[in-house]
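One chain comes next, on its own, written out as structure tokens in the form predicted alone.
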Amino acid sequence: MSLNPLGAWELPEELRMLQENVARFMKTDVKRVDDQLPHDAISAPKHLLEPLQAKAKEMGLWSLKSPQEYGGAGLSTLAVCVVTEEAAKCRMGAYVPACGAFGADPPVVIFNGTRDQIERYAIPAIKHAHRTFFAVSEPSGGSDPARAIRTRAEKRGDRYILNGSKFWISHAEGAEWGIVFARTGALGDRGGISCFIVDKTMKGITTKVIPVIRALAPYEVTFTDVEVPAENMLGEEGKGFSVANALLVAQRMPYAAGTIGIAQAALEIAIDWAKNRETFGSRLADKQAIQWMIADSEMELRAARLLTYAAAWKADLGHDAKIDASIAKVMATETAGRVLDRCIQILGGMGVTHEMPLERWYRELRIKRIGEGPSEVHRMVVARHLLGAGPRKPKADA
């Protein structure tokens, strides 16, 4: 990010070009596929998806977050945010950006693993767009996962025996493998958690869908005496939560950007509708109530976007962006929800039909305020940062 001659923040030229290329790809290629899919589709059929993926590879946009040396695009956090915002402007939204055209990234913590782990798991996942999952949350408490983890891994010889359940796990069904966090130390101890690569071919793994308001449902994953080879431990024993925490912070900026993309697309639909719809002898666009809804939406989206891009920029500079990511996540998801609600109101009854993507996006955005940490937890994180030094003592009179 930099200042242009007019003093406004703007993206570097290479990221503006990337933004334009992705926007063009969405309009000319992805939209043709998107228009052929059912309202609540969660994937595109192979014959429609493969040409999109081939084009994405030509553009150098395959597995956005994965390092180039392993077959990914190797984009910076800010670049991923730019692409994610544009790619969310399809019916499947930010959960399946660009209808799946950009492949899939394995959980990026895998790249902290051994060379053998990367070759056996990460590289095939990138090459073949394999589904993977990331399992931290449990039924006992999703907002404070480290202290709530009860899934245990007990060392027996050259392997660990895994028992327990994980909740709210996306893409668990049909996944090739996943990253699972289990307790190897005392209950309630953040230092007693270890990280494992769990292959879905291992015996004792079952999945059960958890129906939710959006089309793409998460799963409960149960592990019953699952034997995990010791070489599948990622990192050191007892230090798994530091791995999880770093990933969770890094995910929040693109997560926020995706919600902004959805809301921006909805606003564009609402503006076009307001310009062309007449009621009571005049266009909707001429009515002050509609004008203010549109103006408020644009102002709030600009603010949320700048916060998100600034957080990503800070992370790319190597600085601690934990607080910035929390702020961006709350502002973007809550702003997007408000904007979507206004857009549906502008369209009236048409806004909640399956002819438009708005009601599907509305359901998705409601979940976005909970996923990656609910708004209340992020507010708590920000407040603790500001108040962490404790109450200030009043200065003595001179």
Partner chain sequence: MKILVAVKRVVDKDIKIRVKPDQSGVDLANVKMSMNPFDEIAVEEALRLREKGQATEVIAVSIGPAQAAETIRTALAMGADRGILVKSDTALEPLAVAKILKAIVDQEQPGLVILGKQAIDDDSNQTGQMLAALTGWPQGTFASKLTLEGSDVVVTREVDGGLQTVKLRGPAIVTTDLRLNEPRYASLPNIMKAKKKPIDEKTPDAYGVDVTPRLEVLKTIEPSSRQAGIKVGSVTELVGKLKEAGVI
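Positions refer to the first chain, counted from 1. If you're wondering where the values come from, they're calculated on a predicted model, not measured in any experiment.
Separately, the form predicted in complex with its partner chain exists; it is not shown, and the next lines address it.
- Residues of just one listed stretch (325-333, 345-353, 26-34, 361-369) have heavy atoms within 4.5 Å of its partner chain in the predicted complex: 26-34.
- The contact residue chosen from 40, 58, 50, 69 relative to its partner chain in the predicted complex is 58, the criterion being a non-hydrogen atom within 4.5 angstroms.
- Its partner chain in the predicted complex comes within 4.5 Å of no heavy atom belonging to residue 387.
- A residue is said to contact a partner when one of its heavy atoms sits within 4.5 Å of a partner heavy atom; residue 379 fails this definition for its partner chain in the predicted complex, lying far away.
- In the predicted complex, its partner chain sits beyond 4.5 Å of every heavy atom of residue 383.
- Its partner chain is not drawn, but in the predicted complex it has a heavy atom within 4.5 Å of residue 21.
- Residues are counted as partner-facing when one of their heavy atoms sits within 4.5 Å of its partner chain in the predicted complex; in 74-104 only 75 qualifies.
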